[in-house]
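Considered here are two forms of the same protein chain, supplied as structure tokens in two stand-alone entries, structure 1 and structure 2.
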Structure 1
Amino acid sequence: MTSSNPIVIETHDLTKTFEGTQALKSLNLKVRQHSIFGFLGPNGAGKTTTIKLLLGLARPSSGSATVFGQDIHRDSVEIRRRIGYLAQEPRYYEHLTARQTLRFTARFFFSGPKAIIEERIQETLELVGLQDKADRPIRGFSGGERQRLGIAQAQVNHPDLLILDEPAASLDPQGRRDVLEVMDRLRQYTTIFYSTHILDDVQRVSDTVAILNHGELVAQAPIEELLAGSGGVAYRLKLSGASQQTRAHLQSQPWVTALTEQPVNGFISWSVSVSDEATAESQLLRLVLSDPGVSVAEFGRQKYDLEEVFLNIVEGGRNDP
């Protein structure tokens, strides 16, 4: 995905108030085509409210939003024809099989030769990894299989946008892994906008993340940018044999703003903050290795765990990543 990709979802000061309480406060989002957009926040942050507004299931108190360039209120019916949606806890007719369930759903979208519809159903079952259980009653499905069937239902009409509300929230690790793998496979076919409070999942599959807290957007950025941290650019080196002279020489460079050191498993770890990323890329490692006694085991731009970033933003009240 690049910044030149068309915008699929765009909100402008989107606000929703319930009985005097603002559940959503002046939300401004941009979701680009073919992204996997993780909409992250604690329970009660306003994620499901946002989804209901985008789907036309609730009306905004103020502000506006477009999906595919169409107004979510005025053009709601046209928008929904192009969307697949999975609720947080999908419900099924337990006696039906997965194939029968998709056949029932497909009839709302397709007409024409039965063979073509059946081919689409089979493709969808294979896409979500349920082809081996396609003809078993749903009552025997695990939680992960039910969620994958829900994604299949949402995907059977070839939607241009998939909206998934907490798709892996109640699953065990294996079920979550299976659902995330399906989402990753779907990236080439559609745009995925999904809400979650599971930080690990976001870090594994998302390319763009927005963080909502108490109804307010507190961060929105590509995942790589968010994980680079908010304190500027830094590089981490794991090394041995470095002299105080090497450290002092590095700290004397005008583009080095800070250097911290700590022992890690028999090595020394340096975190080097810089003001000029391009210069650091070309010179930092070269300067360190100019000391013949130094051995570098690891070198790279420092990244942060998403949990650390999330807690810093949410608990620290910062408004940017």
Structure 2
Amino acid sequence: MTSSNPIVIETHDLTKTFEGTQALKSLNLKVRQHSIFGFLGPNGAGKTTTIKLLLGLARPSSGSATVFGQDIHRDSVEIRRRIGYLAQEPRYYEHLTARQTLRFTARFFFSGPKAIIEERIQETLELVGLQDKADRPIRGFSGGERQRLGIAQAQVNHPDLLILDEPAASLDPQGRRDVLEVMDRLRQYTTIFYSTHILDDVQRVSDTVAILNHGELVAQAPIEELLAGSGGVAYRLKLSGASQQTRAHLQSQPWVTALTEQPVNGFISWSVSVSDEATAESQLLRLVLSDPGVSVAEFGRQKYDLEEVFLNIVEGGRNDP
């Protein structure tokens, strides 16, 4: 996914109010084609509301949005022809089997040929590993099997956009892994917009992240950018034998804005914030190693854990980690 990819979802001040309470406040979002877009936020942040607005299941109180360049209200049916959707708690007709459910779903998109539709259904069952249970009524399915069926019914039309609402929330670690693997496999064919509050999952598969809190978008960036931090560039060094002199020398450099130190497993860890990335790339390590008493075990650009970023944003109510 690159920034030149066409935009699939775009919202403009999208707002939803329920009985005087703003569930979503002027959301401005851009999702590019072929991204796996993680839509993060605590419970009640407005993630599901956004998804329902995009699908035409609810109406915006104000603002607008387009999917594939089409208006979510006026062109809802046309948009849904190109979408696959998995609800947070997927519900199906319990008396139907998995195969019948996929057949029922597929008929909304395709009128024939019957043999190829059946082939598609079989492929989709295999994709999610339900081929052995395809002809059993859904009422006997476990939570994980229901979730996999949910992905199957969302994928049966090979949509251009998959919208998944908390796809792994109710699953055990193995189920979560399976779902993430399926998402990863689908990445090459489709754009995936999914909501979650499981940060590990986002870090594993997403390329772009938006964070929603109390109905407001508080951050949106490629995940690498978010993890690198937007409060300035910083580098991390793990070293031994560092002297006060080296540290003072470094701090005297005009491009070093801060240096913090903490002991880590017998080493010293420095976090060096800089104002000039290019100079830091060429000078920082050289300066440290100019002290013959110093050994550098690790050197690299400071990365934040997504959980750290998320908590900073959500609890701090600010945009930078």
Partner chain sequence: MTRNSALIAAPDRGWLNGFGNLFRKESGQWWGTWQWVIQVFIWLAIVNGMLAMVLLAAPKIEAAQASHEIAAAEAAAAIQALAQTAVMVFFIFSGLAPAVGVVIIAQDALVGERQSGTAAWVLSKPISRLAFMASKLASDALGILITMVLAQGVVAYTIYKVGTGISLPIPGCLAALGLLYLALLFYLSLTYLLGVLFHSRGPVIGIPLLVIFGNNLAGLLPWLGKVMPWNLVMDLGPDRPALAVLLAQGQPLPTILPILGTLALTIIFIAVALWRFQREEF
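Here, a residue number simply tells you its place in the sequence of structure 1, counted from 1. Source: prediction; values computed, not measured. Here, rigid core means the biggest group of C-alpha atoms that superpose within 1.5 Å across both forms.
Two forms of the same chain are shown on their own. Structure 2 is the form predicted together with the partner chain. Under a division of the chain into two rigid parts between structures 1 and 2, the C-alpha atoms of Val209 and Val77 are best fitted by the same superposition and thus share a part. Of the two rigid parts, the smaller turns 16 degrees against the larger between structures 1 and 2, judged by C-alpha superposition. Core superposition places the C-alpha of Gly140 6.0 Å apart between structures 1 and 2. Superposing the rigid core and comparing between structures 1 and 2 gives a CA shift of 3.7 Å at Glu119.
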